[in-house]
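A single chain comes next, written as structure tokens; it is the form predicted alone.
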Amino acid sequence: MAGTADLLTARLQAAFDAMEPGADPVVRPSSRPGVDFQANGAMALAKRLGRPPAEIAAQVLASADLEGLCRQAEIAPQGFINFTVDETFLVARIQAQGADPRLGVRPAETALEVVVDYSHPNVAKEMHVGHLRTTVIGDAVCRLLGLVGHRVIRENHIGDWGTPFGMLIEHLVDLGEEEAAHELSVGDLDTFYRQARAQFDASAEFRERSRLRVVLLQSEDPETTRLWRILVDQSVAYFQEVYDKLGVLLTPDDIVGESFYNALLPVVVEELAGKGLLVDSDGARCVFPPGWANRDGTPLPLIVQKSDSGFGYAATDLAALRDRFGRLGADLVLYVVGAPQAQHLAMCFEVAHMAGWLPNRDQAVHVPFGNMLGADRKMFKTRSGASIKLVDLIDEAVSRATAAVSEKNPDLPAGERDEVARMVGVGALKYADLSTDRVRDYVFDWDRMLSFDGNTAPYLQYARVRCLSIFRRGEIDPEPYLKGTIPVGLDHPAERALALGLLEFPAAVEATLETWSPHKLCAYLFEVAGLFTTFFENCPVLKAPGPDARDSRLVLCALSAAVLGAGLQALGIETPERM
């Protein structure tokens, strides 16, 4: 189901195309009383054609088919066109949206196989706040892709290989397997890693053991592999505890670590060499994709194999691209990775395309994001300057939400209060991140994100609770009001505005997926919550003037709850029944 604005644009497009192919009607919602939409495209077109804007607008209206969609269209002296949507059309669309289990969201025309690469913790290292953005943005993207019918393959590309593992395995041996497993299982990954690093820096004997252990690991020595497996398994188990607290879709089955691609690295080198793409540079084997240069203007290399014959990150990333478009048969791969990796990924994509592994360049997409900042607008850390554990941030959010929920509704039973606080705290943490344009940095602010006012998860969650509370107070089942059979009246401006807003849900989902930008869906849901609040304050429901008005308004309440719930669920945010 297309949004009303999109339908109006489609109706106007032919008239604009007749004057200039591809001219944009520029349809926008209007804030003028009695006007629903405004088309501003005639003014820009008139300037390009050298004609009066009102003349262009008149020609558009003379040829556009608005039958059944608009009951009124007026040309303003400046040349923009005001439209009022036909109420019969609005009512029919509202009823159809309520009766549709998908709330009007259209399945994709072609279901794609989409690999989403996100989260990326490192074995034997703590998950910190730096993992929040990739994890929650990636999770929301996966949910939205699934919502429109794409087949999603989640890949958590964890760091589970490399020279540090010689050091970590030797520390495990010194500590004892049982004690090491205990430290890792309780999430004390930072201590484990720091102790190993301290030994490595202080002891030449330990460094030599670590070096030899790396050789054994790379040669697949059974005992060394078993010890490595302990590190990986304990770390993965801890990661899952964090994911479960955060309420994201990732599971251990989604993990595809760097080690997975080891056997493919020689193949990558062989195939690149066979295609004549590898160049020796200071002993290293590199590819020089066109378009990238160092500061001095010399070509910038992508190092595939280092001078010591070891493989760099680029080799692993190329192997992953080869595997995803080959074995997995991906139609699209999304990399939810920080903005600083833009150049590296772009070069990898280009080399993969040159090698024939990436059929089309636009099938691999970097979905970058900015940083989470503290109040000082620097990287968000503890007062001592240490990285903040992600699990501690989640626990703090729930703790603060418990206090906020208790203050707002002290009568909630303890068990229900704790569950509501979990939803509110985790939801607030996610929404503060997702509601910011992902390419921008944002300042982390506990008070703002947990507020029940403004563009926050608690505000949206509470708006949905207000919808449901009407049914609860009236002891009414909301389900019959989503069947599309109850007549709807839109006499009050607040009713009409809410109906128009609800109908834009499918368009908001499409707009979000067009640019992989969850903040667009957040902005839409915030708008709907505001429209419902205005409706709630101006249009009595249970005390409506007559049963027909009551039932009509209950339809709008039920659909508001459904849209807010579905939208938040698509962002990975749970919604309580009461707060």
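All values reported here derive from a predicted model rather than from experimental measurement. Numbering starts at 1 and follows the sequence shown.
Just so you know, the form predicted together with a small molecule exists too; it's not on screen, but the next bit is about it.
Residues with any non-hydrogen atom within 4.5 angstroms of the small molecule in the predicted bound form fall in just one of 329-337, 86-94, 267-275, 246-254: 329-337. Proximity to the small molecule in the predicted bound form, taken as a non-hydrogen atom within 4.5 angstroms, holds for one residue of Arg464, Arg285, His120, Arg438, which is His120. A heavy atom within 4.5 Å of the small molecule in the predicted bound form is found for one listed residue only; from Glu170, Asp433, Asp317, Glu495, this is Asp317. Under a 4.5 angstroms non-hydrogen atom cutoff, the small molecule in the predicted bound form lacks Arg422 among its neighbouring residues. Contact check for Ser309: no non-hydrogen atom falls within 4.5 Å of the small molecule in the predicted bound form.
The closest non-hydrogen atom of His157 lies within 4.5 Å of the small molecule in the predicted bound form.
Within 4.5 Å of some heavy atom of the small molecule in the predicted bound form lies at least one heavy atom of His131.
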